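Taking the form predicted alone, here's one chain by itself in structure tokens.
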């Protein structure tokens, strides 16, 4: 059965779009990148527009089937509403929006309009994450330790929005850990305490210590930072009744009792676009709000302390 080409508009042409989305789009024959919208960048040979409204209103804009939103999260919900109202399928970079209520509103709007809405969690899209979930199923969880530390100057150079209201700060990368945790563990996760360290001249935290409970019993401790120089640490360690599982390198490497199990290359975004095409074909949506809920709860219960001013 022949499946139709999906003509895609890309909104936001920053680092994540350049590094991940554009190669994945070009590597998937189901998609054709037909337009971009960004005040700060463009792609050679692709029609460029200042914003989403201009992209949809331009000649050929009515032929766009879907849009991918790679903007900062603070403006993502409004753009998604515009695209949904225009009848376009929508892929959302993570986090899907700046608040849980925005995610719920977008989900409802997509259902009403009968379009596909995909909230992406790219860190879940690895063979190691799949294997970890399978191995953990049915096992008793004793304790979980997350260490998610990186250098904002390396991974988000000059991106002031990250430390502004709605920018998430340390939780922009740490939500990747939360997306993995909610994917590989069955049962409940509840945030019980958080220590949030915010630079004196910023709004969002650069460091955080978060404590959760899994199924109301097993402790989950999170050591999070975007002020960590050198080699990043992206590790989840889970003690169980059958041994200790570790997901490292952001979910790409799995070991059990220090014995390597599964490693794979970076194919996260290729998998996301393959699933987005399948959702559009099947008239389905996928919007998992649980990682964002953990961030929101940490911000709600957290104690804030001041760090020295930060500049890029």
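Residue numbers count along the first chain shown, from 1. No experiment lies behind these values; they were computed from the predicted model shown.
The same protein also has a form predicted together with a further copy of the same chain, omitted here; what follows describes it.
Engineer: Any of the heavy atoms of residue 166 lying within 4.5 Å of a further copy of the same chain in the predicted complex?
Structural biologist: Answer yes; at least one heavy atom of residue 166 falls within 4.5 Å of a further copy of the same chain in the predicted complex.
Engineer: Does the 4.5 Å heavy atom contact test between residue 292 and a further copy of the same chain in the predicted complex come out positive?
Structural biologist: Result yes; residue 292 sits at the interface with a further copy of the same chain in the predicted complex.
Engineer: Residue-level question: is residue 16 within 4.5 Å of a further copy of the same chain in the predicted complex, judged on heavy atoms?
Structural biologist: Looking in the predicted complex, residue contacts with a further copy of the same chain do not include residue 16, since no heavy atom lies within 4.5 Å.
Engineer: Can you check whether residue 241 is within 4.5 Å of a further copy of the same chain in the predicted complex, heavy atom basis?
Structural biologist: Looking in the predicted complex, residue contacts with a further copy of the same chain do not include residue 241, since no heavy atom lies within 4.5 Å.
Engineer: State the residue from 81, 133, 145, 228 whose non-hydrogen atoms include one within 4.5 Å of a further copy of the same chain in the predicted complex.
Structural biologist: If I apply the 4.5 Å criterion carefully, the residue I get is 81.
Engineer: 105, 197, 86, 127: which sits within 4.5 Å of a further copy of the same chain in the predicted complex by any heavy atom?
Structural biologist: By the 4.5 Å heavy-atom cutoff, the listed residue in contact is 105.
Engineer: Which one, 118-126, 211-219, 230-238, 154-162, holds residues whose non-hydrogen atoms are within 4.5 Å of a further copy of the same chain in the predicted complex?
Structural biologist: That would be 211-219.
Engineer: Check each residue of 289-304 against a further copy of the same chain in the predicted complex and list those with a heavy atom within 4.5 Å, in sequence order.
Structural biologist: If the 4.5 Å heavy-atom criterion is applied to a further copy of the same chain in the predicted complex, 289-304 yields 289, 290, 292, 293, 294, 295, 296, 297, 299, 300, 301, 302, 303, 304.
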